[in-house]
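In what follows, one protein chain appears twice in different forms, each by itself as structure tokens: structure 1 and structure 2.
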Structure 1
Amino acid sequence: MNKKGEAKEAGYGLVLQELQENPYRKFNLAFSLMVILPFLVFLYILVSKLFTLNILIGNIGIVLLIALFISICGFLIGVRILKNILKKLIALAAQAKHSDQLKSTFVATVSHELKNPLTSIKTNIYNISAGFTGEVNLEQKNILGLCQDTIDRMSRLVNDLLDLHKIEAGMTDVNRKPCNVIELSEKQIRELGVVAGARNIQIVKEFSDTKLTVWADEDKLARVINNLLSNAIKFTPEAGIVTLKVYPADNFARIECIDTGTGIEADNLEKIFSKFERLNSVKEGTGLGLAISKDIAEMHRGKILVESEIGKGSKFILLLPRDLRGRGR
């Protein structure tokens, strides 16, 4: 088998894995049963004595037999056409799945190769800026600071790409334990307080209690809350307000992050969770934060919703089951 054939087979395997079953088996069974249908109708006519021997040997009988033969042939041809369509659809899905996997693997490989050089450059820039290699004047420090910021942005992009690849490939370890969502939220507010304060943005917290426990991976959950808060601060104008609400809702923990920004158009509400989707190219970011947050939420059998109104702002809602231990991984 050539490389192209191997690629198709690999993609086909991925599609079957995604479907968790081979659709051909069920279709073959269904079509086999459907082929019997004309014979069952004919048998019913005979048993009901609606079809007598006199009719069978007469002109009407010949016409009926021809009609029955044509209907059976037409039915079989229809079955064949449907099976061919199904085969092509699965082949196309397999091709797309394999292509997506190749892209993801390529991006992850490139990102991994970039990670070490970036770390080395970052360390050297810091050493020079700190004066370990000789005296540095103010202008040189400013230039090195800009370089450091650029390296930091590139490092964040590389780390986000690697994390996204690991999540999509199912290579991410999930270390679940009881986590206090209130405590995690408080911590993220403190971390982002300086960023918000620099733009005179007030972070308002509305917590139902001092403790709300979920069974989750603490680091990953903290990352989701951080992403939602960071985005809210980023898209809220100066002197605006960002509100973080945390409270129980049935068997879920509900976290709402509300900003007073410009809002998101209805057509773009689904797009914002796609990889590399940036609705505002002026704002800094990789376009991966919400995609990663959505994957982490789903990893915990939760989900992220968004509500928005142009001119008034947006509300991102994170829903997490309180306890997953009875629901499997």
Structure 2
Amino acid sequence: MNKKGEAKEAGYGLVLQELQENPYRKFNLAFSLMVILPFLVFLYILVSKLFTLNILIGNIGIVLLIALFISICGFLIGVRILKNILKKLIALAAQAKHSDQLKSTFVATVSHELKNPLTSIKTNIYNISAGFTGEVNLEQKNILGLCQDTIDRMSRLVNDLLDLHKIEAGMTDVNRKPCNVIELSEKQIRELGVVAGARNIQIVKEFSDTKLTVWADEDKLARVINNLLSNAIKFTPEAGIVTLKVYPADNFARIECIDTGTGIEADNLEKIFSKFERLNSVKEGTGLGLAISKDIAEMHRGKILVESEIGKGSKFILLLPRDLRGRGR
């Protein structure tokens, strides 16, 4: 086959492919079958009936035919409008599906393309500092320690960004089960005890005597409590006190995290839940923790409130409905 022939064939191939992939082809066929065909059948019956009854004769017949013509025109215009609306709806649905696919691809790509190099760098830093590749002096070890800290911070940032993206895109799984809030809070205090102890900060717990259960995703709830508690420790000066209160309040479980830090100015109270908002850039953090915590609280039909006084400290209040069974996403 000559080049022209090949091109022609390729051209037909493309047209055929386009026709086969065009979602509107199926739509047009279905639409014709559902709307236009019944109308044509109805029209045929009506006209044949009018002929049998000899109505289409004389002036009345002309008037009837004009009325019929106008109604057919009206019907066709209506059909066209309806068809365009439905086409737009199909296009919007396809766009939404495509957007969801893009979101999933983004998460998978970021997971792979960022986490792999981070893991590789982290492992290599460990390999060198542990002396697996030769002797390392103290100064070199200190420098490697700094690299390690940076990699850990980057890893946290990548994980936080992915989590936030998944929550906002509605792609996160919520595995609800009965959670004992007091037990969960105890666990977070134990986990952060070493960090607090290193700065001589005392964690005081004031827990309700009664068992307090909420229907929640345990890991996500633990993350919120951990975030509030670690922020409180971070912003409390050495030898300060952080208090964690857990008690029932009406239909809610109320978790209060109170620090004795410098406090937050009233103008900044709303900003702290925004992404990448870090009021104190000296303190380590990704600036996403509170944004994620707020999203998680809302995912459980709860909320996080904040009260603060400059020079005295801040109080973060997590409110969670005690019975969430059968509600929402």
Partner chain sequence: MTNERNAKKILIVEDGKELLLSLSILLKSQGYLTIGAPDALFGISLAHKERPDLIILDLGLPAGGGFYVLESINDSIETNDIPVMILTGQQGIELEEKARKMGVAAYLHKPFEPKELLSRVKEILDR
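Counting starts at 1 with the first residue of structure 1 and goes up one by one along its sequence. Take the two forms, find the largest set of C-alpha atoms that superpose within 1.5 Å, and that set is the rigid core. Owing to the predicted nature of the structure, the values given are computational and were not obtained by experimental measurement.
In this comparison the chain labelled structure 2 is the form predicted in complex with the partner chain, and the other chain is not. The Cα position of Val195 differs by less than 2 Å between structures 1 and 2 after fitting on the rigid core. Taking 2 Å as the criterion, Lys141 counts as shifted between structures 1 and 2: its C-alpha moves by at least this amount when the rigid core is aligned.
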